[in-house]
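As a starting point, one isolated chain is supplied in structure tokens, in the form predicted alone.
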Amino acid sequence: MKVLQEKIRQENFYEEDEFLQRLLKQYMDTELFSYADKQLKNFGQRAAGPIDERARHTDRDGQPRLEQYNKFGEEVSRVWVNEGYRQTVKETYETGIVGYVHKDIPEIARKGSYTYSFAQGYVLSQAEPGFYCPVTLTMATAYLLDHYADEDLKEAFLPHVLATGDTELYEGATFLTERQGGSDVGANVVEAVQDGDHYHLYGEKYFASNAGMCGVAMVLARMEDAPEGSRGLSLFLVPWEGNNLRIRRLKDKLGVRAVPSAEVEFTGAKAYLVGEADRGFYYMMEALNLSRICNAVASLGIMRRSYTEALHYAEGRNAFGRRLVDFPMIQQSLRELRVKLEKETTAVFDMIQLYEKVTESEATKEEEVLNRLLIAIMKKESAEQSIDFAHEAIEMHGGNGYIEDFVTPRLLRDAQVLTVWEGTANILALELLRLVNKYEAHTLFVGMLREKAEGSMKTQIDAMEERLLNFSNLQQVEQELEAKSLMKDMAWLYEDVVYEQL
């Protein structure tokens, strides 16, 4: 496929992205695309303008602060955020980035789609991937409430989580991580004690993002006498305001400084059980798959911004009597970035189409397995590429790329967390092992590639089939040692196949 050529003005993150427009036109029906195209043009201009300016201010001078006590010495555990951040909250949620996945868009009297929401997230992440984190958590909260909560909980809380300016907004949060467990969620010990029709939670969550800003948090906790491990975890909805919650401290993070991440203590916080008591871990893993797609979308946003910053700088910078962009080595670097960006964006949005099918309960069991596999490999690949792209943008700028006056240092700092959030490469590799060994996901992957390739790329697919078959027959230790490199090759082949057919 011929790579599109473009000149970047950095004035509208959507309108200047012809490739994204092309993908959305392919994946949306005419009515939804017409609406989304108009809205994204408006949002793309705000993201490249005021939202980007606020993001810079928040990162440098306006980071969240913990107000532990009020003027009377009473503990309040309140998080202060600057007014620009609050304006970004208002503008972003009123676009329906969360709400219109679950409720009708008034102008067209129908729901939006995850494809539209992820396109908004891609545009937003070019300005502020740190702010897309609270949006992601709110999307996950909405998913959990909509799919698993009883009608009373839905009626009380879901309209606020889905707010688009029509009612008070409750941002969401998902609190999993505890000090002793980390990625080993089954080691969690936060306790839930029943009190009539509700519960009280006791314990600590060690890395709780959007603390102090969320209206509700979805929390994994263990009921009295529940079994050990992940099977003993239940899912609870915890209202934030005035609810026996204490913020010990805010985390001093390398990047994504816009989002307040905290150590939170539950000292009898009132909580409501969501769904079946023994299914909490399963529910949260379903939400985690959604969050992993958001993570991949945020990575794409950083990749796109890194590329456009590199191109813009190369077009305007002179060295040795020529523009940087006129040097063959620079042209080669930019082209490689461009091709990889287009391939990865194509693959992620192709993956999103399968996710849409799964969430609409129209997928087969095999497609559900394939969905989990694609999410794992693309989350890993996109997060790692976001770091590589930010590095390349810095190198294109030379010394200027290392100076905080430019956006490039923030891109690199923000990219680094995306390899950690929602599962490290090691955790994702274990997901590959589980899907291959339990569900034969490798055969589903090869079958999908052959179907999408329509007879082309046979040699590459045959080689991957042989490698995956050999992998499936290895001992677990050998599988663990090979899994991460295999996932990268799987991601690249998937990208090549879907890009070739675009």
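Residue positions are given as counts along the sequence shown, with the first one as 1. As the structure is a prediction and not an experimental result, all values here were calculated from the model.
Missing here is the form predicted together with another copy of the chain; even so, the following discussion is about that form.
A.B. asks: Exactly one stretch in 266 to 274, 394 to 402, 101 to 109, 282 to 290 has heavy atoms within 4.5 Å of another copy of the chain in the predicted complex; which is it?
C.D. replies: Of the stretches listed, the one contacting the partner is 394 to 402.
A.B. asks: From the list Asn244, Ser183, Gln353, Gln194, which entry has a heavy atom within 4.5 Å of another copy of the chain in the predicted complex?
C.D. replies: None of the other options qualify; the answer is Ser183.
A.B. asks: With a cut-off of 4.5 Å between heavy atoms, is Asp225 one of the residues that contacts another copy of the chain in the predicted complex?
C.D. replies: Taking the distances in the predicted complex, the answer for Asp225 is no, it never comes within 4.5 Å of another copy of the chain.
A.B. asks: So, Ser333 and another copy of the chain: in the predicted complex, are they within 4.5 Å at any heavy atom pair?
C.D. replies: Yes, contact at 4.5 Å.
A.B. asks: Would you check, heavy atoms only and a 4.5 Å threshold, whether Glu83 touches another copy of the chain in the predicted complex?
C.D. replies: Taking the distances in the predicted complex, the answer for Glu83 is yes, it comes within 4.5 Å of another copy of the chain.
A.B. asks: Taking heavy atoms only, is Lys154 within 4.5 angstroms of another copy of the chain in the predicted complex?
C.D. replies: No, Lys154 sits far enough from another copy of the chain in the predicted complex that none of its heavy atoms falls within 4.5 Å.
A.B. asks: Which residues within 409 to 426 place at least one heavy atom within 4.5 Å of another copy of the chain in the predicted complex?
C.D. replies: The stretch touches the partner through Pro409, Leu412, Arg413, Asp414, Gln416, Val417, Thr419, Val420, Thr424, Ala425, Asn426.
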